[in-house]
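Listed next as structure tokens is one chain, alone, in the form predicted alone.
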Amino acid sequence: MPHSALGMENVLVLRQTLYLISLMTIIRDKNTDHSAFVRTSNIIITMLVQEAMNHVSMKRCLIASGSGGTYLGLKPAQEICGVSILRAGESMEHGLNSAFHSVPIGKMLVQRNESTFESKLLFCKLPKGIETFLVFLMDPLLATGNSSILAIQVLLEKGVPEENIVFLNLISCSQGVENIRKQFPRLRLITAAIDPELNDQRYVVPGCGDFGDRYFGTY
């Protein structure tokens, strides 16, 4: 089972199994080649989506089985959509679509000023009626949280209740987690790892480098 980060309600960290740690070792290693980085990242993303589904409200449903019987099962009580923060967030769309067929996906482009580290929204296209959805917000790395906070504020302005936002990250920095938690205490954040610090360029340390460049093969 995952565990809540110490003193942080609604912040869940995947259980640090030997398998997960071995996967994280691969994506953190600067010598990992492109194909291995993508393959391993996709496995971790799938694990994040699967864990997120354990915290989604479900409702009972009676279905007919292929053997002619019936089965009392479960299905999400609310429609689900994804919103990826471009560009790196697009890497997580496949994992969401693997769990759910034809999930609507929205996109936001948030640019960070490299001098001031302030964020600006440049593009936003969201599913129609997003205020009724459970929204999986996707960005593989959470550093200061400035870009994420802007994206969350946009969702709130569009009518999405804070408690209907689930934020998925592969690696989060403790500073960014704390910034998100303070401003949006009812939002749920699920991550595979929380790293301790940022360097002078605001990269997560130890982190994994520029996730988007490594995933999409652009350097």
Partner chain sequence: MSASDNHKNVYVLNQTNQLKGLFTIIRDRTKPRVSIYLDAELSSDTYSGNDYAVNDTIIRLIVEEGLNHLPVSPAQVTTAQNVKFDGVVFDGRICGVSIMRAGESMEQGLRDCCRSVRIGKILIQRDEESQEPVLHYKKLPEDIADRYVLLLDPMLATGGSAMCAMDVLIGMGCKQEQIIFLNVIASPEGLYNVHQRFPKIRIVTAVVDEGLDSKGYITPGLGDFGDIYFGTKA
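Numbering follows the first chain given and starts at 1. Computed from a predicted structure; not experimentally measured.
What comes next is about the form predicted together with its partner chain, which is not displayed.
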Any chance all of 34, 38 and 104 sit within 4.5 Å of its partner chain in the predicted complex, going by non-hydrogen atoms? yes
Should residue 131 be classed as touching its partner chain in the predicted complex when contacts are defined as heavy atoms within 4.5 Å? no
Contact label in the predicted complex: residue 79 to its partner chain, heavy atom within 4.5 Å: no
Closest heavy atom of residue 122 to its partner chain in the predicted complex, within 4.5 Å or not? yes
Residue 137: heavy atom within 4.5 Å of its partner chain in the predicted complex? no
Though the partner is not shown here, which residues of 87-103 have a heavy atom within 4.5 Å of its partner chain in the predicted complex? 87, 90, 93, 94, 97, 101, 102, 103
